[in-house]
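Given next, in structure tokens, is a single chain: the form predicted on its own.
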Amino acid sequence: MKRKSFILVLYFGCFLTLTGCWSQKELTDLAIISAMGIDLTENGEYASTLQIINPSNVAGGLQGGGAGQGPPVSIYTATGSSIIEMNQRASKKLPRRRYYAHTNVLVIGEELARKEGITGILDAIERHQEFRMTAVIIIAHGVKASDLLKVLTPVDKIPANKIIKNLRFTEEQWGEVFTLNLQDVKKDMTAVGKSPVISGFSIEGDPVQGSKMENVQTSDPETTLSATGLAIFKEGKLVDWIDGKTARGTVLILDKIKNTGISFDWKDKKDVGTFQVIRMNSKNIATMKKGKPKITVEVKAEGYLSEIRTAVNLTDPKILIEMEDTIEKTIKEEILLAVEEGKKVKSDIFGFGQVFHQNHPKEWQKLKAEWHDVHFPELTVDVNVEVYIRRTGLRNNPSVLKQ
């Protein structure tokens, strides 16, 4: 009998520990925010742009039916003297509760990033209980964040998803940009001897036309979004943009290259060959030489020849060795271009200071106070590159050109 009473008391006691549905949120009461943009107004206030999903216009879209005829997202804007005030003011226009748990993209306007910086923005977002620090962050390049989020995209119905996929596929296939989330940027901003560098996005075409449904109802959209360039930050503010070979050199030093095609010259002909990278690793080594810091960037790359537009005998091992030397020089040039750009704006976006801090902690104590402004611009950087051509594709020699 005592045993039964004990079990009964234990049974009812378990009910007391159950929380039930005290924090339930009805889906019909939520405004699911897929992306948020922040700009700076003319009077110095913050302006937010919320990209909110319209579920009825998205459902079934991938299967070709079931979706509504309206836009897949709606845009709501609000202003405020602080990030929190701006965010709360959005409730005056929204008929639903703002829900940030599915916010995957944060877009910062270029003007805001230059004048105010991103330190305060990240602090406010990091304190928010719903906003995830795994959200991707980008900088609006040459446009406002609001214009970027208003563009409707044809392939991915939700523009925020398009931005993420576009960024990741560009990173995987080309290598001039890379994906960073809020946590990554926060670590770079608080790290010793490193400044953040964030990928940018721009609008190709008319922003006004891009916000209309007609932009996704044609096989050739007039307005598109594209990943363009890297934004260099110093002390939390945007100071410069880099793109092309300089951007790829930066990504290479950071050891974030996954796949890319490197064009190279052959003899007196420009850009007649392409070396397709399948594996590339870089390592930064810090040394002290006569009391001065020195960095050696070591790169190893493996790949194959994906294109040759000149007559050359690829069955000759000596020819392949010469090509490897040429590709090594090309990669070295891109790395040095990136280093010079970083030195020009006095921002160590490569984390060279971190390497010194880790490997030479005593010497670093003397360098850290003036690292970005004095020591980094005068830093000696050597580059060693090893390239291996593993194969020449499905053909040995060019098929249309005769020697």
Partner chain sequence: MEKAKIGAYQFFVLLLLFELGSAVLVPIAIGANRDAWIAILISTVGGVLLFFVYYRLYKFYPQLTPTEYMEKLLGKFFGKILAFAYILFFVYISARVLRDFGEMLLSFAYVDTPLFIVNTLFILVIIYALQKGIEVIARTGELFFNLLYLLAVIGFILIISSGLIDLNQLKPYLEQGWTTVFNVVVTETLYVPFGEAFVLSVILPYIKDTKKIKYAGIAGIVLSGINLSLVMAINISVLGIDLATRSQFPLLTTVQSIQIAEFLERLDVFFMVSMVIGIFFKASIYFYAAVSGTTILFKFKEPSKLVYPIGLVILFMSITIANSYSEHLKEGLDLTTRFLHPFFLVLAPVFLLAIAYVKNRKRKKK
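Just so you know, these numbers come straight off a predicted model, no measurement behind them. Residue numbers count along the first chain shown, from 1.
The form predicted in complex with its partner chain exists for this protein as well; it is not shown, and the discussion that follows is about that form.
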- Interface stretch in the model of the complex with its partner chain - options 38-46, 374-382, 338-346, 361-369, non-hydrogen atom within 4.5 Å: 361-369
- Task: Using heavy atoms and a 4.5 Å cut-off, decide whether N57, N166 and T228 all contact its partner chain in the model of the complex.
- Result: no
- Item | Any non-hydrogen atom of S219 within 4.5 angstroms of its partner chain in the model of the complex | no
- How about A101: is it within 4.5 Å of its partner chain in the model of the complex, going by heavy atoms? yes
- Query: Does the 4.5 Å heavy atom contact test between E204 and its partner chain in the model of the complex come out positive?
  - Reply: no
- How about Q173: is it within 4.5 Å of its partner chain in the model of the complex, going by heavy atoms? no
- Of these, T134, N281, Q88, T315, which has a heavy atom no more than 4.5 Å from its partner chain in the model of the complex? T134
- Message: Under a 4.5 angstroms heavy atom criterion, identify the one residue in E235, D325, E126, E214 near its partner chain in the model of the complex.
- Response: E126
- Task: Could you list the residues in 250-271 that come within 4.5 Å of its partner chain in the model of the complex, counting only heavy atoms and keeping sequence order?
- Result: none
